[in-house]
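Below, in structure tokens: the form predicted alone, a single chain.
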Amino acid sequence: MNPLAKKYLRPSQIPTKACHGCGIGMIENWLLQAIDELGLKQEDVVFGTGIGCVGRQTFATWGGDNFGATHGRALAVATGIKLAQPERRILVVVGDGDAASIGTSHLIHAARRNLGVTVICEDNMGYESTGGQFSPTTPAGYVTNSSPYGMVEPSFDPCDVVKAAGATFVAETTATQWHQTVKVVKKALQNDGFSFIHVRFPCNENFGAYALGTRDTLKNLEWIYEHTQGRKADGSETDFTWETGIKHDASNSRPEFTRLLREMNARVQSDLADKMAARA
């Protein structure tokens, strides 16, 4: 067994339930590497998941405390846990449907509040667990199960949304960028505030088959790599380019949200005690 999996994950949940060629297990391994390099133990981290491919395949894999939330609501659960246990690192793993669609409102307000969690948005560019329907991050013009003539809507980058909302650490990477992903996850986990990392990864079974015409893992990874470079293997330009790396770093620049709530609670309790003493 992978030594990091043996150290941090539940043996009963290994291997993951991922489809052939899926990048979710690989990305989870990189998260474990970042956690290990920071010297964190199981009891230091609470691992949360949403719904969909990412939630189903990572739910209950973490050997320590973990939770699975309903679709788009993982940050509501994370807020309560961070409020009650501020010393824990809260790592929330969600998909593009969770973060960029049904849970977008929660994402925006968690960023605005500077909630002390690290969100990993693992983006396979569609609702792949339900058959490959398009999502808000599906590139325009690409064929999916629910857009047989091509995705007519423009996509958006959730990094732009959380940065505008006030996130204090934002980064983007892909399943072809191992070392960069580990590096930015480590930085995110050291921010006492809202951190967001957007990681695109391949889905052979649906996005690969419908949009790219192949279930070959290497060809799907090559397509992602080319779109991080802006150039194909034959030297021609790609139809668009993803800019990856750290997009915004204001780590530890403003107070973490639940700390403000705890301080306010202490002031309220103190004022109440003073009023009770004055009446005595």
Partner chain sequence: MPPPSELVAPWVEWERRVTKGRRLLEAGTFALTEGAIAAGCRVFAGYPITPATDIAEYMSKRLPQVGGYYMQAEDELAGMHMCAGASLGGLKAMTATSGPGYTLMHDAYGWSITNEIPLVVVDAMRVGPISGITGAPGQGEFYIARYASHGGNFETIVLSPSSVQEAFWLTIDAFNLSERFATPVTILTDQVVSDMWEDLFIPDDYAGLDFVVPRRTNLTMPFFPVGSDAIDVPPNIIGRGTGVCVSAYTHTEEGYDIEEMEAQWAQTHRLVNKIRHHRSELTRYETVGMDDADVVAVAYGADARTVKTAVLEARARGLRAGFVRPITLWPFLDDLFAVDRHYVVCELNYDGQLVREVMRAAPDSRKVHFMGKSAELHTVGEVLAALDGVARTGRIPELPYIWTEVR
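Residue numbers count along the first chain shown, from 1. Quick caveat: nothing in here was measured; it's all calculated off a predicted structure. C-alpha atoms forming the largest set that superposes within 1.5 Å between two forms make up the rigid core.
Another form, the form predicted together with the partner chain, is not on view; read the next lines as being about it.
Annotated contacts: Tyr8, Ile14 and Gly116 are all free of the partner chain in the model of the complex [non-hydrogen atom within 4.5 angstroms]. Figure note: of the listed segments 138-146, 163-171, 108-116, 194-202, the one touching the partner chain in the model of the complex, with heavy atoms no more than 4.5 Å away, is 108-116. The closest non-hydrogen atom of Thr176 lies beyond 4.5 Å of the partner chain in the model of the complex.
The shortest heavy atom separation between Gln190 and the partner chain in the model of the complex exceeds 4.5 Å. With a 4.5 Å cutoff on heavy atoms, Ile224 does not count as touching the partner chain in the model of the complex; it lies far away.
Looking at Cys19, you'd find every heavy atom of it more than 4.5 angstroms from the partner chain in the model of the complex. Among Cys159, Ala209, Met151, Val77, the residue placing a heavy atom within 4.5 Å of the partner chain in the model of the complex is Val77. Just one of Asp65, Asp216, Asp36, Asp239 comes within 4.5 Å of the partner chain in the model of the complex, counting any heavy atom, and that one is Asp65. Annotation for 247-280: interface residues with the partner chain in the model of the complex are Phe257, Leu261, Arg262, Met264, Asn265, Val268, Gln269, Leu272 [heavy atom within 4.5 Å]. With the core held fixed, the Cα of Ser270 is displaced between the shown form and the other one by 2 Å or more.
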